[in-house]
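One chain is shown next in structure tokens, namely the form predicted on its own.
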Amino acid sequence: MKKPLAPVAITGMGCLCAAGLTVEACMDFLFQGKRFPARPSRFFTDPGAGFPVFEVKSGFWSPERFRSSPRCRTVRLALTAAHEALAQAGLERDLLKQKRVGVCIGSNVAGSVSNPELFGPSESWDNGYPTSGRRFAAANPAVGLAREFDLTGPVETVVTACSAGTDAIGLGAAWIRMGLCDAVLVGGADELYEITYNGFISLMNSDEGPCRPFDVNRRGLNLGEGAAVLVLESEELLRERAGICRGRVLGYGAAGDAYHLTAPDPDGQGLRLALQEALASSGIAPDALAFINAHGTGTADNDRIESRVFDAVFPKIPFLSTKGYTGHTLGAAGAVEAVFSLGCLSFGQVPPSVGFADPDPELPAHPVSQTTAVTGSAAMSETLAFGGNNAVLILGKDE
């Protein structure tokens, strides 16, 4: 039997999305059972189109907090989440410079060659970014964090489609275990923009109303945007500075379907392999989980596969989707949902899986439909992505 990996301490978290501009605001919002999807406001859409999205509220960017002022919205989202996470961790800039601090951020949209804001007329950019190549480099969220906080550890942007945020957390935890870093900023960030918006509509994966994960009437996803950053620390640094551990990365697993560019394996084989790896690396038994934060996009195939796998592997474990509150934030989704999972573990309850009202008789397992008390110290957060990527985290509250 595989020996479990050493847990990795989480000492700070930051998050902003349509549910709120801080972790506390997001968690409060989830338990209100409300949501406010609307038409995109940052780019033109066909007046006849009725595909709502979940945008981050205006005014989130506070330039006085930072030395740099990036034009790229994704980098601004990442910096805002990182600022909150570092403040919660109690890590000052001077200490960060003295330690081996890495950055691992998942993203899909940042720096995209099809993002018109990055590759439009150069007159709208500062003189420091006169070419599209320079603007492309400046849109890298991981590099943006490293430059802002003078971090000298490894820097990586993960682009495994919608599992990128989850993969970034798993990879950053490995850097801590291997002794490569004293601390790592991990997470995900993505902005909403028109190419993505129209692309998902063309794939017929978008719902013309608010998304309905696992519901019999589900028609697809709603896109969203946001960022979440977690601070991971080595036990040595945690003891040295008498820091506070707020949770732990207990396990991580990733596996590919090798099935289709956009559709998941109908049997969920890749997801099952990723689940097995995550559970084995954590040492947590399936029936010991408090709950599961599902990917739960509201698409027919995704929800069907997850429901079947949950029923087979976790028949008595409650699960939910939080995408009804945030939309699908793409590369940020796994990180946002990791923060939500840790918050729910701390609260000892999970919110309703908003959008779920009518059970699908073809699905053997159904999400919670009301605020539900949970027991246990570990939860699972998992993401499925285009390209057949499956990534799973086992997260624990510190005892």
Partner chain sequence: MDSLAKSGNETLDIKESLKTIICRELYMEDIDPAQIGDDDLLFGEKFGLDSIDAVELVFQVKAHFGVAIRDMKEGRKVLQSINTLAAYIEAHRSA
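Not measured: the values here are computed from a predicted model. Numbering follows the first chain given and starts at 1.
Absent from the display: the form predicted together with its partner chain. The rest refers to it.
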For this session: Find out whether any non-hydrogen atom of Leu261 is located within 4.5 angstroms of its partner chain in the predicted complex, and reply yes or no.
Result: yes
Exercise. With the partner left out of view, is Ile244 within 4.5 angstroms of its partner chain in the predicted complex by any non-hydrogen atom?
Worked result: no
Exercise. Is there a heavy atom of Glu208 no more than 4.5 Å from a heavy atom of its partner chain in the predicted complex?
Worked result: yes
Exercise. Would Gln98 count as touching its partner chain in the predicted complex under a 4.5 Å heavy atom rule?
Worked result: no
Seminar exercise, completed: Here the chain appears without its partner; judged in the predicted complex, the stretch of 310-318, 80-88, 199-207, 289-297 with heavy atoms within 4.5 Å of its partner chain is 199-207
